[in-house]
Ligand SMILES: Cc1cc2nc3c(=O)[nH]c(=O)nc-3n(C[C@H](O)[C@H](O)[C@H](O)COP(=O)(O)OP(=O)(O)OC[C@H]3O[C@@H](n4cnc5c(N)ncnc54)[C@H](O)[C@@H]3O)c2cc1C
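The data below hold one chain only, encoded as structure tokens and taken in the form predicted on its own.
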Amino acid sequence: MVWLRVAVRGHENPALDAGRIMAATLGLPLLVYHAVSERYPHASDRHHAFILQGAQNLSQELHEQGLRGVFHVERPGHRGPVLKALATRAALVITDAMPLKPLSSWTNAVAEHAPLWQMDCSCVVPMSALKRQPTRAFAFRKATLALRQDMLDPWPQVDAHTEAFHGELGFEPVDIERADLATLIAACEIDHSVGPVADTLGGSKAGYARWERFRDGPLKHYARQRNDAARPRSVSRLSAYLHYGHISPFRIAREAQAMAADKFLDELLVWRELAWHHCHHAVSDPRAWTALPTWARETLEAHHESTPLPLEALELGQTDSALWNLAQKSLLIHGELHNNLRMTWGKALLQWSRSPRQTLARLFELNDRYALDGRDPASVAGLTWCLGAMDRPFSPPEPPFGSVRSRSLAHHARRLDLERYGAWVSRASLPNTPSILVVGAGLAGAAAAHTLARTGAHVQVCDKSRGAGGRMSTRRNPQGAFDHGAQSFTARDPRFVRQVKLWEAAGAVAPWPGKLGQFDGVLSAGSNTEPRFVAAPAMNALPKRLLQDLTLHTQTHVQRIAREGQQWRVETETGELGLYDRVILTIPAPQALALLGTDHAFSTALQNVHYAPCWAAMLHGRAGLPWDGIRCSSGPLAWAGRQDTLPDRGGQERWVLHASPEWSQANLEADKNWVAEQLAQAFAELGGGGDHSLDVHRWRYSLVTQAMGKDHLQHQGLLYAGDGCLGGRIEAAWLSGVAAAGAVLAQAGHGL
């Protein structure tokens, strides 16, 4: 069996050639296995799309050679130890070498179940050719000169008759050549907030097309223009294709040599391969802080000075440097960063991080999350070089670099045509940027709109209320603010956990270590079983934060949506809102059903979503209770929460009371004043002494009692997301909104 990971091509592939030779020698059939996991670091729609597009090209090549290639996509219903099961049946597993985790760890795990060979398919000079870790380019260049010259002969053709394996696999492979990639990606539990890069398609065909355009034109100017990020086509932009092995470094090197492109060859065969050899020989994780030279760690820590910025601000390119923000925008939208500028971009993080250690972590977080060439040895070496790896000390030391080679953002900006570079990185990634309307400004709608807007998409949001928030709404009056809907939230899904950490670092959310009581006829101490968070300074601040700088139409009640050609016409009670290429509904399922009708493609799924209502009352005055929140399992109340003890609230003592679903349903159409009296009386029976009810609010669709179990629906450019999809938790709303945005980006991207 040949297991491909970073040499995903059917040509000039040492692992595939070795597999054919060994299958013929042993008289056994050959199976080529390729897969994509949900568990690799920073798994997202962006990386998945590039991988799947490459898999399509690989499948075509294998078919032409009479070989059987199978592709496994990990997703719900298609998980399990598929590779392990195949390996236990194989006489030999041959794979392409990758010196970084997690692939190196997965390689070791497979080797426990079958004989395994690793083939270097990424370097012209094999990583095993040197006996120790190279540290400087000049030494590596000298040590590999003769080997490089010997390795650039034409690729030999393998003459071996190989039978394809046609036995049972033990899993259902994806017919990757016919698969709907957007639907396949949407089914995976990965980060849907990082969308595909439509102008950089994966696969050998796209990779070689890019190379040939560069080879036949800008390559001749490479030595002179390669460091100018404002001339992006003066570099090859092949790093993503080399990272995933969609193109052969051997072919690229041969053709560059034929054109006497010495500087390009030096970058490809010395600097790039130095990085691979460096990672291969490293005794520990080359991404670790301890992998940096001792001198670099000591000088960085001794001379560190900074004005820290939250990671979220960096991720969105919100610094005081126009050049750095544009570089980050290039990563965010286009998944690439000019190599020379990446060095300045990386070193600049020292001034915005709490410590050099945090700088290193942020380098990998920002680069590997967004860059298509992230998690590659060349990326690792380039990022750690920013902090002194494979370099020497420089004097005199200066903060925040110490003796590490410095780079100035201001100086780099002066030698760059910033306007020209800005125009390049601000170009649309999508071939035809769609117009998008999000209906509903709760957290699901806000998450969808924010995800789309940061890619450059044209997004508008409308809501029938006076402001953003949905069930995270906040009501204000002279006594203070009342979060009369969602009181707090938890974070369990790793994707949401990461987002909550970003918000927390930026001061947008805060932990709520509330002291809880419980009432089941008797009032007693309760417990908080998992960390809970609240938005600051009010719950509605979170959706407002996501929607800042976007067009939000408030008090806009959508009455009709109709298909018109390839677009959707949206009408409100006051007239027409406009024509949109995509519409995302994030309103409660019954409201969406009333809008779309029972004969729509979504109707069955929407009808299966069930809700329970909730009456909410707001009181103020001293209650004399020792709790910040009380969970109730008997009587009219389900919850009583003290507002003034929440982070960033303060003011007078005030409480929000939530009636139980059963009581709320039984009294759904009751008079508001009567409801207020009943809930205030129930609170008094707990020991609370609020002066009077300020207001009550009826949440007709408060608690989702039965969700559809899908993170979104989509049909003909219309999408549905929100609490009806995954349930009523704040986390579920965010995941659903982001998933819908990811689906829009995937469908709009050329090739998906």
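The first residue of the sequence shown is number 1, and the count goes up from there. Just so we're clear, the structure is a prediction, and the values are computed from it rather than from any experiment.
The same protein also exists as the form predicted in complex with the ligand; that form is not shown, yet it is the one meant from here on.
Visitor: Name the single residue among G485, P356, G402, G207 that comes within 4.5 Å of the ligand in the predicted complex, judging by heavy atoms.
Guide: When the ligand is considered in the predicted complex, the option within 4.5 Å is G485.
Visitor: Please identify the residue among S44, Q714, N57, S702 with any heavy atom within 4.5 Å of the ligand in the predicted complex.
Guide: Spelling it out, the residue with a heavy atom inside the cut-off is S702.
Visitor: Verify the contact flag for G10: yes if a non-hydrogen atom of it lies within 4.5 Å of a non-hydrogen atom of the ligand in the predicted complex, no if not.
Guide: So G10 does not count as contacting the ligand.
Visitor: When the contact criterion is heavy atoms within 4.5 Å, does G445 count as touching the ligand in the predicted complex?
Guide: Because a heavy atom of G445 falls inside 4.5 Å of the ligand in the predicted complex, the answer is yes.
Visitor: H658: heavy atom within 4.5 Å of the ligand in the predicted complex?
Guide: H658 belongs to the contact set for the ligand.
Visitor: Is C614 a contact residue for the ligand in the predicted complex, using a 4.5 Å heavy atom cut-off?
Guide: It does: once the ligand is placed as it appears in the predicted complex, C614 has a heavy atom within 4.5 Å of it.
Visitor: Only one of 284 to 292, 467 to 475, 193 to 201, 121 to 129 has heavy atoms within 4.5 Å of the ligand in the predicted complex; I'd like to know which.
Guide: Going through the listed ranges, the match is 467 to 475.
Visitor: Heavy atom within 4.5 Å of the ligand in the predicted complex: which residues of 533 to 558 qualify?
Guide: Stretch hits, in order: T556, H557, V558.
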